[in-house]
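Before any questions on how it binds or moves, here is one chain, the form predicted on its own, in structure tokens.
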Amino acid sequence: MKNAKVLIRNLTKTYEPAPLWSRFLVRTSSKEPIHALTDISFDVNSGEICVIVGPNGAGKSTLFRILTGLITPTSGYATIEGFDVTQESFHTRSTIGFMPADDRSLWLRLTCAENLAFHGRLQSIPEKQLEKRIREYLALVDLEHATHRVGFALSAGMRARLQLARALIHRPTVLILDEPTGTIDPVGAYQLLQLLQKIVKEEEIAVLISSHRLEEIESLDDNVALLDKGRLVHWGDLASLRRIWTVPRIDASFDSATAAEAALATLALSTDCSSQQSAPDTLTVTTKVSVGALLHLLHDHQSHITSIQESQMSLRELINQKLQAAEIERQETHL
């Protein structure tokens, strides 16, 4: 889309092995090219939060480094507010607010106000505006009461909110957050996420956020970029992923473990379902048939059934299933 805040097209990053003469100077011993990103394309618009999801080594950090101008892509391109992140990195950095996974961007010996003042001056905010913005953004992240408290005296959640204020103080139009809740307790993470959603709605900014927390991914499920080994294996909402990959699952409980084992043996003869004993007296059945059809298959065991109900595949299972399918497809392509 032409009006996308963040536009990524065919982005590829390959790390070539170091020359033989220099390998003793570097920490890596890789002798083969590493394909960190391969042909990645998607957009993020104003007022949208895009969640970048994937296992370790999927390419999330490489993507963020390219968008923030720290490294250059091997091929493809990305633009932020129309500026090429490689050719016009000076302009793109002024439109980006970045929040790292830890608090190393803060000076913990300085107060909250002093931290914001330091970063505000780095962004060339005029002194007359800076004092007002410090008050404004400390209030926005609910740290007004801690204006003169040093970083060492802040909790992990308060430091995270201070980092968010630091990323916002120059009023960026794009916010990049690298696992911002990784060091925060679940309650603090929820509060930070609620605050972020409020800011996105009010300021109409575009946000890219990487996360390993399943509850965060569930709550921000409108735009999910699922990466695996440098490839984009899903882009869109989780609902569409569920429609494609979720197979109905039924939990059936029996009055004894013996009855459950007998029912399991019966279901093993059917090609319409796959079942396993999730507990001594309970079967979990992944099936293409309805509850009624399943009960018909278990006709001889119905007197021993104490309860039966449909259940939804968990997000972890859904993502793992999609990643496994992507790996199988990749292997078949290489054959």
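All residue numbers are counted from 1 along the displayed sequence. Computed from a prediction, not measured in an experiment: that's the story for all the values here.
Quick note: we don't show the form predicted together with adenosine-5'-diphosphate, though the next part is all about it.
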| item | value |
| --- | --- |
| Proximity of T286 to adenosine-5'-diphosphate in the predicted complex, heavy atoms at 4.5 Å | no |
| Contact label in the predicted complex: S278 to adenosine-5'-diphosphate, heavy atom within 4.5 Å | no |
| A58: touches adenosine-5'-diphosphate in the predicted complex, heavy atom cutoff 4.5 angstroms | yes |
| 4.5 angstroms heavy atom contact with adenosine-5'-diphosphate in the predicted complex for H304 | no |
| Stretch in contact, per heavy atom within 4.5 angstroms of adenosine-5'-diphosphate in the predicted complex, of 278-286, 263-271, 34-42, 293-301 | 34-42 |
| Triple contact flag Y15, T62 and R65 to adenosine-5'-diphosphate in the predicted complex, non-hydrogen atom at 4.5 angstroms | yes |
